[in-house]
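Form predicted alone, single chain, as structure tokens, below.
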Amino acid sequence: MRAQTFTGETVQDAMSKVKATLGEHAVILHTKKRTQSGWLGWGKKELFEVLAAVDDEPTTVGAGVSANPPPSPGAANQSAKTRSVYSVPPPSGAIEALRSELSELTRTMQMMWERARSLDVNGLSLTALRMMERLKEHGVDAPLARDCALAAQEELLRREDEASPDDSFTTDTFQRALVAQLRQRIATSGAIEPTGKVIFLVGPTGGGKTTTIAKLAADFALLQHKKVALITADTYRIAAVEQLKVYAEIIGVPLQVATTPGEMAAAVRRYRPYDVVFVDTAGRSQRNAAQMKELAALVQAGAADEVHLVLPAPTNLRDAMDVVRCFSGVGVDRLLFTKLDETTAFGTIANVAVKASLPLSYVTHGQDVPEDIAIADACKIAELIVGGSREWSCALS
């Protein structure tokens, strides 16, 4: 067996040299990344080293027939002498077992290399690759998953003062680093400050706006003892108005219906002295330009201090970003995700927050009022995405 080390500026470069020198059947034994110092410390650059080996033993074709031509008698005698001096017969079956193991290792490494090259994940260790796949399985978009995995690996290398991205990190260690990286990319706005603000909730149909309004109103009125008022512009669904009326009576807060911009402005003026005014709006199709124009007029007439876009967590990324884009003309400045209890792919939350560059305000995870709502916490959301945990604190602080 012949072993040799190859160096390149990228893994692909080094692997190409392996293939060119040792052939298709070379076995990758080890890879590492090192820093090459330049002259007097200048011009440092990172290089990748690949240790590869190839079995030079002749293979047989058919039963006992060598694939190579037989040597001349003199060469055969010299070869026999060489083997008698330098060779020791291996134990029975050891060579075949070794060849089988090396063959399996070669297939595995080649498969992983091809997969890594196709995913453009050059520089990721095997642990980082597994963590990236975990994020993708939990709904995180591939570019964000790769970015977080690579950043987590680099942070661990700096912390451990390691020379190369090997697999010395445990899954738990890497998982904690991944949570930290994902948390840094998720912005949150914190709880609503009850300082005379007018809060609009907007979004597509079926997002859970009315129930979320009831949860927020109950928390501020019953638990924080604030003066709360409700306004609804959702006259498209009679059931929605009746539902909010029931909630308002139970909570003990006033409710007013506003169907036009003029009525909205009058209702807001009436409740301006209150600590917080929540405005429920009808679900709108982001594809209906006329409805979006009407909604924008209501938000403007209400002089909204905050506009929360309510999105169900089970929404796929493409549809969610389409909603964000279309509702941006309404003045959306926060994201509120509902129905976390109805999905296992929590990565959409991070995807939309990062792509839309909007902070998260609240998340809801059930129908109970006011229990099943929580202030969006970047750390908890990251843990939910990475680990798939459903342990949410239901109490608003």
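Small disclaimer: the values here were computed from a predicted structure and weren't measured. So that there is no doubt, residue numbering starts at 1 and follows the sequence shown.
Note that the form predicted together with a small molecule isn't included here; everything after this is about it.
Comment: the small molecule is not present in this chain, but in the model of the complex one of Glu371, Glu342, Glu49, Glu46 has a heavy atom within 4.5 Å of it, namely Glu342. This chain is drawn without the small molecule; in the model of the complex, the residue among Gln243, Thr106, Gln181, Gln175 with a heavy atom within 4.5 Å of it is Gln243. Contact with the small molecule in the model of the complex, defined as any heavy atom within 4.5 Å, is confined among 132-140, 204-212, 321-329, 220-228 to 204-212. The small molecule is not drawn, but in the model of the complex it has no heavy atom within 4.5 Å of Thr348.
In the model of the complex, at least one heavy atom of Thr364 sits within 4.5 Å of the small molecule. The small molecule in the model of the complex is not approached by Pro194, whose heavy atoms all lie more than 4.5 angstroms from it.
Contact annotation for Pro261: none of its heavy atoms lies within 4.5 Å of the small molecule in the model of the complex.
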